[in-house]
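Take a look at this single chain in C-alpha coordinates; it is the form predicted on its own.
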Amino acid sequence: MIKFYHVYKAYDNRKQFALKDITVSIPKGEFVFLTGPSGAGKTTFLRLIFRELKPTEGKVVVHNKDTMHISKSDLPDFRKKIGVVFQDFKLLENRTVFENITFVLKVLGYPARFREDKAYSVLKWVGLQHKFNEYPKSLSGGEQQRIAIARALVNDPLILLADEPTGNLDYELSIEIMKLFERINNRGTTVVIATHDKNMIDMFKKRVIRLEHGHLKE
(Lines give C-alpha, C1' and ligand atoms only; values in the text may rest on other atoms or scores of the structure.)
Protein backbone atom coordinates (compact mmCIF):
# COMPACT_ATOMS: atom_id res chain seq x y z
CA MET A 1 0.00 0.00 0.00
CA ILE A 2 2.74 2.48 1.06
CA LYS A 3 6.43 1.89 0.39
CA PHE A 4 9.48 4.11 0.86
CA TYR A 5 12.69 3.05 -0.87
CA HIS A 6 15.86 4.84 0.34
CA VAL A 7 13.97 8.14 0.53
CA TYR A 8 15.74 11.42 1.18
CA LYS A 9 13.95 14.74 1.38
CA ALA A 10 15.98 17.94 1.43
CA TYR A 11 15.05 21.60 1.80
CA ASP A 12 17.03 24.78 1.14
CA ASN A 13 18.88 23.47 -1.93
CA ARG A 14 19.91 20.24 -0.20
CA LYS A 15 21.44 22.02 2.78
CA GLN A 16 18.94 20.55 5.24
CA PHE A 17 17.56 16.99 5.06
CA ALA A 18 14.21 16.33 6.72
CA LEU A 19 14.40 12.61 5.88
CA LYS A 20 17.51 10.52 5.30
CA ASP A 21 17.58 7.07 3.69
CA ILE A 22 14.09 5.94 4.77
CA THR A 23 13.09 2.44 3.68
CA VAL A 24 9.82 1.19 5.17
CA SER A 25 6.62 -0.55 4.09
CA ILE A 26 3.07 -0.10 5.42
CA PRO A 27 0.77 -2.91 4.22
CA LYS A 28 -2.87 -2.42 3.30
CA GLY A 29 -5.17 -2.25 6.32
CA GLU A 30 -2.46 -1.57 8.91
CA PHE A 31 -2.69 0.97 11.75
CA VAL A 32 0.65 2.72 12.30
CA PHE A 33 1.84 5.37 14.73
CA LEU A 34 4.54 7.62 13.27
CA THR A 35 6.42 9.14 16.18
CA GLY A 36 9.52 11.06 17.16
CA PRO A 37 10.43 14.47 18.63
CA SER A 38 9.53 17.77 16.98
CA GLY A 39 11.56 18.21 13.80
CA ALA A 40 12.05 14.45 13.35
CA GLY A 41 10.43 14.46 9.90
CA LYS A 42 6.94 13.16 10.69
CA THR A 43 4.99 15.79 8.76
CA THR A 44 7.36 15.51 5.79
CA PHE A 45 6.77 11.74 5.80
CA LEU A 46 2.99 12.27 5.58
CA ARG A 47 3.30 14.95 2.89
CA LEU A 48 5.31 12.56 0.73
CA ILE A 49 2.53 9.96 0.95
CA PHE A 50 -0.07 12.55 -0.06
CA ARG A 51 2.24 13.75 -2.86
CA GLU A 52 2.25 17.27 -1.51
CA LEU A 53 6.02 16.79 -1.72
CA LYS A 54 8.29 14.75 -3.97
CA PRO A 55 11.35 12.92 -2.64
CA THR A 56 14.75 14.46 -3.34
CA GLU A 57 16.15 10.95 -3.78
CA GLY A 58 14.64 7.49 -3.62
CA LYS A 59 11.09 6.40 -4.37
CA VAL A 60 7.69 6.60 -2.68
CA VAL A 61 5.08 4.13 -3.93
CA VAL A 62 1.41 4.53 -2.96
CA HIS A 63 -1.37 2.40 -4.47
CA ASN A 64 1.31 0.81 -6.69
CA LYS A 65 2.11 4.22 -8.16
CA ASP A 66 5.49 5.93 -8.01
CA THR A 67 4.48 9.35 -6.71
CA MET A 68 7.33 11.03 -8.56
CA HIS A 69 5.63 10.19 -11.86
CA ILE A 70 2.04 11.18 -11.09
CA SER A 71 1.08 13.93 -13.51
CA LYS A 72 -0.60 17.14 -12.39
CA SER A 73 -3.81 16.06 -14.17
CA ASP A 74 -3.83 12.68 -12.40
CA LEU A 75 -3.09 14.10 -8.94
CA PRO A 76 -6.75 14.82 -7.96
CA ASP A 77 -7.74 11.20 -8.67
CA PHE A 78 -4.74 9.96 -6.70
CA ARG A 79 -5.65 12.12 -3.70
CA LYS A 80 -9.29 11.00 -3.71
CA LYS A 81 -8.06 7.74 -2.20
CA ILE A 82 -6.29 9.49 0.68
CA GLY A 83 -7.99 11.30 3.56
CA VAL A 84 -5.98 13.81 5.60
CA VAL A 85 -6.70 15.11 9.11
CA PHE A 86 -4.73 18.14 10.34
CA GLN A 87 -3.89 19.15 13.91
CA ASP A 88 -5.56 22.55 13.53
CA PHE A 89 -8.64 21.06 11.81
CA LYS A 90 -8.55 23.55 8.87
CA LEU A 91 -12.33 23.96 8.89
CA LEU A 92 -13.84 26.88 6.96
CA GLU A 93 -15.32 29.15 9.62
CA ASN A 94 -17.88 30.81 7.33
CA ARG A 95 -19.34 27.50 6.10
CA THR A 96 -21.64 25.05 7.85
CA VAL A 97 -20.57 21.57 8.91
CA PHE A 98 -22.35 20.19 5.83
CA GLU A 99 -20.57 22.66 3.53
CA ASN A 100 -17.18 21.88 5.10
CA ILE A 101 -17.61 18.16 4.63
CA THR A 102 -18.93 18.33 1.08
CA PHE A 103 -16.77 21.17 -0.27
CA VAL A 104 -14.61 18.82 -2.34
CA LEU A 105 -17.63 16.82 -3.55
CA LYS A 106 -19.21 20.05 -4.79
CA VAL A 107 -16.03 21.04 -6.64
CA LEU A 108 -16.00 17.58 -8.24
CA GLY A 109 -19.54 18.13 -9.51
CA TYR A 110 -21.52 15.63 -7.42
CA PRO A 111 -25.27 16.41 -7.26
CA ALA A 112 -26.78 18.02 -4.16
CA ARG A 113 -28.75 14.94 -3.04
CA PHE A 114 -25.65 12.75 -3.20
CA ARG A 115 -23.68 15.32 -1.15
CA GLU A 116 -26.42 15.50 1.47
CA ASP A 117 -26.68 11.73 1.80
CA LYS A 118 -22.92 11.33 1.98
CA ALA A 119 -22.50 14.10 4.57
CA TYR A 120 -25.24 12.66 6.78
CA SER A 121 -23.70 9.20 6.52
CA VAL A 122 -20.21 10.24 7.63
CA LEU A 123 -21.58 12.58 10.33
CA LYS A 124 -23.67 9.74 11.72
CA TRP A 125 -20.58 7.57 11.73
CA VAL A 126 -18.71 10.06 13.95
CA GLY A 127 -21.83 10.73 16.06
CA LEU A 128 -22.48 14.33 14.96
CA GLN A 129 -25.37 14.13 12.50
CA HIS A 130 -27.27 16.61 14.68
CA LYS A 131 -24.59 19.27 13.91
CA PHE A 132 -25.36 19.22 10.17
CA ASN A 133 -26.23 22.93 9.84
CA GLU A 134 -24.03 24.42 12.56
CA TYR A 135 -20.86 26.46 12.10
CA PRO A 136 -17.40 25.43 13.39
CA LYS A 137 -17.23 28.27 15.95
CA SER A 138 -20.20 26.76 17.82
CA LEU A 139 -18.45 23.37 18.20
CA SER A 140 -16.07 22.13 20.88
CA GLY A 141 -12.51 21.15 20.00
CA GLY A 142 -13.41 17.46 20.05
CA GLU A 143 -16.42 18.05 17.81
CA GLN A 144 -14.33 20.05 15.35
CA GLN A 145 -11.81 17.22 15.20
CA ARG A 146 -14.56 14.69 14.51
CA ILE A 147 -15.92 16.96 11.76
CA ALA A 148 -12.41 17.06 10.25
CA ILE A 149 -12.31 13.26 10.36
CA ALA A 150 -15.75 13.04 8.73
CA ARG A 151 -14.53 15.36 5.96
CA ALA A 152 -11.52 13.08 5.41
CA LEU A 153 -13.83 10.05 5.14
CA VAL A 154 -16.34 11.52 2.68
CA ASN A 155 -14.51 10.08 -0.35
CA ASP A 156 -14.20 6.60 1.21
CA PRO A 157 -10.39 6.77 1.25
CA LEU A 158 -8.17 3.71 1.22
CA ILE A 159 -5.62 5.56 3.37
CA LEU A 160 -6.23 7.97 6.24
CA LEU A 161 -3.36 10.22 7.38
CA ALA A 162 -3.50 12.27 10.58
CA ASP A 163 -0.92 14.81 11.74
CA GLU A 164 -0.96 15.22 15.56
CA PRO A 165 -4.76 14.81 15.64
CA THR A 166 -4.94 14.93 19.45
CA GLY A 167 -2.41 17.72 19.95
CA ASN A 168 -5.07 20.27 20.91
CA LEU A 169 -7.34 17.92 22.88
CA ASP A 170 -7.49 16.82 26.50
CA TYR A 171 -6.82 13.23 27.59
CA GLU A 172 -10.41 11.92 27.46
CA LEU A 173 -11.09 13.48 24.07
CA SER A 174 -7.78 12.10 22.78
CA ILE A 175 -8.85 8.58 23.72
CA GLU A 176 -12.23 9.12 22.05
CA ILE A 177 -10.57 10.30 18.82
CA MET A 178 -8.10 7.39 18.82
CA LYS A 179 -10.94 4.91 19.28
CA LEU A 180 -12.62 6.49 16.27
CA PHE A 181 -9.45 5.97 14.21
CA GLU A 182 -9.40 2.37 15.40
CA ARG A 183 -12.98 1.88 14.17
CA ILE A 184 -12.01 3.39 10.82
CA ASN A 185 -9.08 0.98 10.60
CA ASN A 186 -11.37 -1.95 11.42
CA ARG A 187 -13.31 -1.13 8.24
CA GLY A 188 -10.16 -1.89 6.25
CA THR A 189 -8.73 1.62 5.88
CA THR A 190 -4.97 1.97 6.28
CA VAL A 191 -4.35 4.49 9.08
CA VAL A 192 -1.10 6.41 9.67
CA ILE A 193 -1.06 8.80 12.66
CA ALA A 194 1.85 11.14 13.37
CA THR A 195 2.01 11.80 17.11
CA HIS A 196 4.43 12.38 19.96
CA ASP A 197 1.77 11.34 22.52
CA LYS A 198 3.43 8.37 24.23
CA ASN A 199 0.35 7.68 26.36
CA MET A 200 -1.79 7.08 23.28
CA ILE A 201 0.89 4.92 21.67
CA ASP A 202 1.23 2.79 24.80
CA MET A 203 -2.52 2.48 25.25
CA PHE A 204 -3.45 1.43 21.71
CA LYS A 205 -0.47 -0.87 21.07
CA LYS A 206 -0.19 -0.54 17.29
CA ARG A 207 2.89 -0.76 15.10
CA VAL A 208 5.28 2.16 15.67
CA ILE A 209 7.59 3.84 13.15
CA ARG A 210 10.01 6.11 15.01
CA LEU A 211 11.97 8.93 13.39
CA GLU A 212 14.84 10.92 14.89
CA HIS A 213 16.54 13.76 13.04
CA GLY A 214 15.22 12.37 9.76
CA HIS A 215 16.50 8.83 10.36
CA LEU A 216 14.41 5.70 10.86
CA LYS A 217 15.19 4.51 14.38
CA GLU A 218 12.53 1.88 15.09
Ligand code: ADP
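So that there is no doubt, residue numbering starts at 1 and follows the sequence shown. What you see is a predicted model, and the numbers here were worked out from it, not measured in a lab.
Form predicted in complex with ligand ADP: not shown, discussed below.
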Original post:
Given that ligand ADP is left out here, which of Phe78, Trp125, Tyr110, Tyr135 has a heavy atom within 4.5 Å of it in the predicted bound form?
Top reply: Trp125
Original post:
Can any non-hydrogen atom of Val60 be found within 4.5 angstroms of ligand ADP in the predicted bound form?
Top reply: no
Subject >> Close approach of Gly39 to ligand ADP in the predicted bound form, 4.5 Å, heavy atom >> reply: yes
Original post:
Does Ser121 reach ligand ADP in the predicted bound form, with heavy atoms at most 4.5 Å apart?
Top reply: yes
**OP:** With heavy atoms only and a cut-off of 4.5 Å, decide whether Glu52 touches ligand ADP in the predicted bound form.
**Re:** no
**OP:** Go through 66-74, 154-162, 25-33, 170-178 and give me the stretch that gets within 4.5 Å of ligand ADP in the predicted bound form, heavy atoms only.
**Re:** 154-162
